[in-house]
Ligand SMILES: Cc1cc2nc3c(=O)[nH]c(=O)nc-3n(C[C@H](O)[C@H](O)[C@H](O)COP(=O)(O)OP(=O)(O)OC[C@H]3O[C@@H](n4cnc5c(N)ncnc54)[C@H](O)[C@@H]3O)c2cc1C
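One chain follows as structure tokens, the form predicted alone.
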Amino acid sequence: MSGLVAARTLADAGREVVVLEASDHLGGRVLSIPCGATVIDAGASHVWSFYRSTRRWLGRLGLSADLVPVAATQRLPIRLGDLPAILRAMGEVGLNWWRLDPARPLRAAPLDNRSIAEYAARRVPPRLVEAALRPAFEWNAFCELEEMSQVLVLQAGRLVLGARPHTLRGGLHRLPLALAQGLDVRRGPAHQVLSLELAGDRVRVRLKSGGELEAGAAVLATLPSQAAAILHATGSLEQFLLGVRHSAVARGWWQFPARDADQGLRLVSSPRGRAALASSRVVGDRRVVSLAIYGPAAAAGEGEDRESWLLARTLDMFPDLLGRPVLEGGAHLWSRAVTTFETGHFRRLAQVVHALPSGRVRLAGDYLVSPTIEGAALSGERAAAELLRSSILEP
């Protein structure tokens, strides 16, 4: 996603662009999969109201009219006695407001000294952590609060007022497909990049197929570990890139016949420690159910049929579905679905910023900004803007 945003930004500025994509699909971890009459977003799924860059691109590409709000769930279970703790936490957000701009992650490095769980233990009543904070973050990040930096919850405190989640009718994958329209995109394993090397005032790109390309500059938008190998990174840069972690997610989705007693929307978290989240909604005469199992638990069913294993877990969470026939279904495993901004990520990013590629080669990816589609878009825009400002690429 970050690579396509960079490519479109450069192309719109009059530069000639070639996109090399080793996968058969565009968009990286933005992937929409048909399931009967509906579409399941197996990767990125929500566009929040504060995703300004993502929304700007949706507008430029004529997709804004297809943004639809996510069905409202129950209100947060906040009690009167919770207000003092919430106000204290919001006061801390206010004091650090300028450090909490998601588009400028390096500013947050001094605040990156504990996990969300450790922060919440000092600031938020335990009941509220389990009833609201944990579901809110783990549904979106697919990581437990113990793994994520407290910077993420402080940033959320800056952004959350008036925040509303939306989805894109027909699947969020429509965005990368629209970004790619009119670009020279070359897909498939033969176009996998093996290395980038500087050759005078050019960048030599060596491909898995044995071929080579030359360009005036390159934006490398891939997994950090792959970027380290392609750049032959050493020292602090190699340590940072190889140290970026991702959470695995196993996704399953099914459609069952709906019954009169079925509720419109239900969200269920499994007991703590099982790392599973499920949703159920009624669409017409069907009940659409999806399940996500994340972290190490996502690989627990490796030795058996993944779809059957996920369906069994889903029926555990929605026992009222037992005995109903499955009308449509499917399963998908992301081994590196979401970048884990664990405690220390922002500090490590600040320490290595001097070692990040500059000049004719730039890095792009959500791991450089925030673990969201918005972070990917901002990173791609930034990489392209740096190249355009440098005057390396003449129109």
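Quantities reported herein were computed from a predicted structural model and do not represent experimental measurements. The first residue of the shown sequence is 1; numbering continues from there.
Quick note: we don't show the form predicted together with the ligand, though the next part is all about it.
Colleague: I need the one stretch from 314-322, 89-97, 281-289, 187-195 whose residues put non-hydrogen atoms within 4.5 angstroms of the ligand in the predicted complex.
Modeller: Checking each option against the 4.5 Å cut-off leaves 187-195.
Colleague: Look at the candidate spot formed by A6, V203 and L237 and say whether the ligand comes within 4.5 Å of a heavy atom in all three of them in the predicted complex.
Modeller: No: none of A6, V203 and L237 comes within 4.5 Å of the ligand in the predicted complex.
Colleague: Since only the chain is shown here, I'm wondering whether V338 would be in contact with the ligand in the predicted complex (any heavy atom pair within 4.5 Å).
Modeller: Contact with the ligand, yes.
Colleague: Does R56 make contact with the ligand in the predicted complex, using a 4.5 Å heavy atom cut-off?
Modeller: No, R56 sits far enough from the ligand in the predicted complex that none of its heavy atoms falls within 4.5 Å.
Colleague: Given that the ligand is not shown alongside this chain, does W253 nevertheless sit within 4.5 Å of it in the predicted complex, heavy atom to heavy atom?
Modeller: No.
Colleague: Would A258 show up as a contact with the ligand in the predicted complex if we use heavy atoms at 4.5 Å?
Modeller: Contact check for A258: no, nothing within 4.5 Å of the ligand in the predicted complex.
Colleague: Between V361, V30, L349, V39, only one gets a heavy atom within 4.5 angstroms of the ligand in the predicted complex; which residue is that?
Modeller: Here the answer is residue option V30.
Colleague: Between 206-241 and the ligand in the predicted complex, list the residues on our side with a heavy atom within 4.5 Å.
Modeller: Heavy-atom contacts within 4.5 Å come from A221, T222, L223, Q226, I230.
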